[in-house]
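First, one chain by itself: the form predicted on its own, in structure tokens.
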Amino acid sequence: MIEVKHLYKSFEDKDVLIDINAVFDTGKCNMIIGKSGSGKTVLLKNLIGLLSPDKGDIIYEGNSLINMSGKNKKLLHRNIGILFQGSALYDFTTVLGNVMFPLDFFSDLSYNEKLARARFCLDRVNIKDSDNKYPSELSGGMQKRVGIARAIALNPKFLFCDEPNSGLDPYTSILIDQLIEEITKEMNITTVINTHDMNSMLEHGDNIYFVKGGTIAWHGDKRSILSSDNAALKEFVCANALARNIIEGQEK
């Protein structure tokens, strides 16, 4: 579980996060949604530790990230997996090399153990017979799967996904969503997903925070999002549903 308490972040004279309070539960797909510029990406970066808040605290399983020693932060980062928006695979190495990369840097496993772990993760995300391929040889969906395999290679307690469906067609997006949810449940991970994808919210949003103007404007789940009387949330949901229908209509 991750708790966010009274979090504030500003850049120069602009307040980007204002008194953010949230709880991201273990074993659930926790989602941060909102328009571009709402503050959701800055929130995600604070959670990961890429940015430091001006005020407030982020608590990982009872331990304050803000007050954590450098040594303990390194141990925490060992337990964090990240799926970047563009997959962010390394072009200079193969599929297998990408998944083994965190194992080479952060584990004491033997080469054969790392190889076995990497192949297990690739098999789990349904990537087969592609060990020696390079990222440029893969489709966008396959790149996302390799990114997920790399993110879970160290068997993390926490998984962060930044727009995991970005650039994918609707069908592949659904498959990636299902895969993230399956892994979340199987590994009992605290998964936090930054998204604006309607299908993701409605099918997999166990715990959803809607960010507007740097504040939490609504909190609920996939069962309550459509019945909410929050005007800003309704506008956001309708706009995204319309955009998705237009995109799907163009692809038919």
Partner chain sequence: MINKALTTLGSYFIFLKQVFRKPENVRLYLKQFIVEADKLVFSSVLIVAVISLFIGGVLVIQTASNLENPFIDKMYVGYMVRESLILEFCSTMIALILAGKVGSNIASELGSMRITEQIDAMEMMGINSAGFLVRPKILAATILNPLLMMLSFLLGLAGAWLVVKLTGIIRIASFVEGITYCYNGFYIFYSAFKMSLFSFIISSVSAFCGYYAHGGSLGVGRKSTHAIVASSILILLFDLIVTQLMLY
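Values in this document were obtained by computation on a predicted structure and should not be read as measured data. Numbering follows the first chain given and starts at 1.
Not on display, but discussed next: the form predicted in complex with the partner chain.
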item	value
Listed residue that, although the partner chain is not shown, lies within 4.5 Å of it in the predicted complex (heavy atoms), from Arg117, Lys133, Arg124, His77	His77
Proximity to the partner chain in the predicted complex, single hit among Leu179, Leu96, Leu138, Ile82 (heavy atom within 4.5 Å)	Ile82
Segment that reaches the partner chain in the predicted complex - one of 138 to 146, 166 to 174, 124 to 132, 100 to 108, heavy atoms within 4.5 Å	100 to 108
Contact label in the predicted complex: Ile48 to the partner chain, heavy atom within 4.5 Å	yes
Distance check, Leu89 to the partner chain in the predicted complex, heavy atom within 4.5 Å	yes
Neighbours of the partner chain in the predicted complex among 142 to 166 [non-hydrogen atom within 4.5 angstroms]	Arg150
